[in-house]
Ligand code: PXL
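Only one chain is given next, in structure tokens, and it is the form predicted alone.
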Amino acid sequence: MKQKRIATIQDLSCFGKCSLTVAHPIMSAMGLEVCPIPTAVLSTHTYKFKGWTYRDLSADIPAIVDHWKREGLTFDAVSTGYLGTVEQIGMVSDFFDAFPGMIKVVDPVFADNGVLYTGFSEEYAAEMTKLCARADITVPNLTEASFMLREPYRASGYDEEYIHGVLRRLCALGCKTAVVTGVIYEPTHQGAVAYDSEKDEFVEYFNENIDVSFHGTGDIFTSALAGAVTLGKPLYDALKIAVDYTVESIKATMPDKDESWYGVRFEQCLPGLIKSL
């Protein structure tokens, strides 16, 4: 059987576990050929580290894409994460046009806890919403969903009807499947809920809610989800694989939870991820 190939477009933080340093090993362990396009190189990720360096690689992205096209490369899927500029959002949209027919997974990565990340604007959120509309699967958290829909953010006190309504409205923007992460209906469980607009079907999966905040868990979830759907897993199975792997990675990190801002020990849990496939 031919090996599946996935492109991933996001930044590379040389130290700290997020973006490409998470996506590449996870999807490689899942048996995929992973082809990265780094949007920027940073000495560390930007959460809590001070004095980090940053090199924008926007100028290199079109040349990489053109070379890949000349080589006749094809991709089964593409997964995008943190981009950082409106210009790069446009470049990802161009990548979608350059390689038609692949599964497009877009994690918007621009807000959390009711607010935009530092350096992002309403304009960026609007442009990212347009990119998500082109996706086969988009994976916002509830904050990002509220910005995309231009609706008030609800941190808690919601029910299944509310989440289902959010998902339907996200798909009405244009994407085929929307997945909302970090859903908590009751305190002991957290998970993800998805809506497949083509089948008019809701799918959900929950695991233990561990009431701690760890940096990079969204990247872990999206990488595992993108890997699973690229391998042809049904939506429920993909959600289960991604949620369970994220939870196990968090549990593996609990002995060092005071340094949760650095990242989680996803590496220790790769054998379990592989077995889940």
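Start at 1 and count along the sequence shown; that's the residue number. This one's a predicted model, so the numbers in the text were calculated from it and none came from an experiment.
Note that the form predicted together with the ligand isn't included here; everything after this is about it.
Give me the residue from C35, L231, L42, I64 that has a heavy atom within 4.5 Å of the ligand in the predicted bound form.
Only one listed residue qualifies here, and that residue is L42.
Between M128, V109, C175, A145, only one gets a heavy atom within 4.5 angstroms of the ligand in the predicted bound form; which residue is that?
After the contact test, the surviving option is V109.
Whether R5, S28 and S223 jointly form a contact site for the ligand in the predicted bound form is the question; each needs a heavy atom within 4.5 Å.
Zero of three within 4.5 Å in the predicted bound form.
Is the gap between T46 and the ligand in the predicted bound form 4.5 Å or less for some heavy atom pair?
Contact check for T46: yes, within 4.5 Å of the ligand in the predicted bound form.
Would you classify Y82 as touching the ligand in the predicted bound form, given a 4.5 Å non-hydrogen atom cut-off?
Flag for Y82 set to yes.
Applying a 4.5 Å heavy atom distance criterion, does C18 contact the ligand in the predicted bound form?
It does: once the ligand is placed as it appears in the predicted bound form, C18 has a heavy atom within 4.5 Å of it.
Taking heavy atoms only, is H215 within 4.5 angstroms of the ligand in the predicted bound form?
Result yes; H215 sits at the interface with the ligand in the predicted bound form.
Tell me which of 215-223, 233-241, 246-254, 66-74 has residues with heavy atoms within 4.5 angstroms of the ligand in the predicted bound form?
Going through the listed ranges, the match is 215-223.
For a quick check, can you give me the residues of 1-17 that have a heavy atom within 4.5 Å of the ligand in the predicted bound form?
Heavy-atom contacts to the ligand in the predicted bound form: D11, S13.
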